[in-house]
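One chain follows as structure tokens, the form predicted on its own.
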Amino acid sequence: MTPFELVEPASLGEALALLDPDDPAVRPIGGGTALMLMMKAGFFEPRRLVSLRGLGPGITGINEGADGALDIGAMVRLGQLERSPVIRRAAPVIAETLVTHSNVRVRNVATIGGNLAHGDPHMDLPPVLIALGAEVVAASPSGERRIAVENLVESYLETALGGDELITSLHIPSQRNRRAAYIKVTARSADDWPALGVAVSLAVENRAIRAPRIAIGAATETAMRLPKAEAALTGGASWRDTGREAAAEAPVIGDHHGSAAYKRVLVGVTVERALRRALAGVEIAG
């Protein structure tokens, strides 16, 4: 690796001041699990890394509001989320997803903010967070703004974040009275990168499905919702027909995990299975 400057600011304001929106060689670093691999491989040569480890409790907590909404600091490690009693109670699908996200060594170092800011489509959490309606809070010298997770990643390793912005927290609205599930398909072991990830979240009222959110990742350029499949499900389509609608709607791409044709078949099957898992034990009219 080429030499670089590592700075460790003590406050968020100081960290933001150390970033340079006009210099892509200046980057923040949280856990560094992805960034260090890119540096070792020579894909990224930083001039300055701004460590976020010393920014204090404002970005390291997991807080649940009275309504069940969650606010998670950007420096919370994935392993903390996996083991958190708050997460297991308020949004158990997150903890369940993380059990097979990479390996325990990575989860004990990687942070939720870094995971999302990296912008890699082959991740488990983005479709889950999209299905839950999550937003990130991003801070810059000019103030804060909220970005829906479904709008955060614009293309491969490219996000909507400015060069002088940092993700400071993740907000997840209350999931009370909703059911959710995530299923990943891998080409090798269960903790491998997903060839496809499907997340669903929905409510059931009077034996009818309400406000479904269906999201996929890994098989598309970015994680995304499938609104046509959601509309079909709301309109009374069977789980199998909803899966078929999702397969037709998704702009699937092929890669070393499988061809586009193979992944399109996977989308249909996996959406159906995710719906069955989310609705296990629930009686639905029809």
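Source: prediction; values computed, not measured. Residues carry their position along the shown sequence, with the first being 1.
Same protein, other form: the form predicted together with a small molecule, not shown, and the subject of what follows.
For the options Arg179, His118, His171, Arg213, the one in contact with the small molecule in the model of the complex, meaning a heavy atom within 4.5 Å, is His118. The single contact residue among Leu81, Val149, Leu166, Val93, judged by any heavy atom lying within 4.5 Å of the small molecule in the model of the complex, is Leu166.
Among heavy atoms of Ala131, none comes within 4.5 Å of the small molecule in the model of the complex. For the chain shown alone, Leu35 is a contact residue for the small molecule in the model of the complex, at least one non-hydrogen atom being within 4.5 angstroms. Although the partner is absent from this view, Glu135 stays clear of the small molecule in the model of the complex, with no non-hydrogen atom inside 4.5 angstroms.
Residue contact check for His257: none of its heavy atoms lie within 4.5 Å of the small molecule in the model of the complex.
Partner contacts here mean any heavy atom within 4.5 Å of the small molecule in the model of the complex, and among 140-148, 122-130, 205-213, 83-91 they occur only in 122-130.
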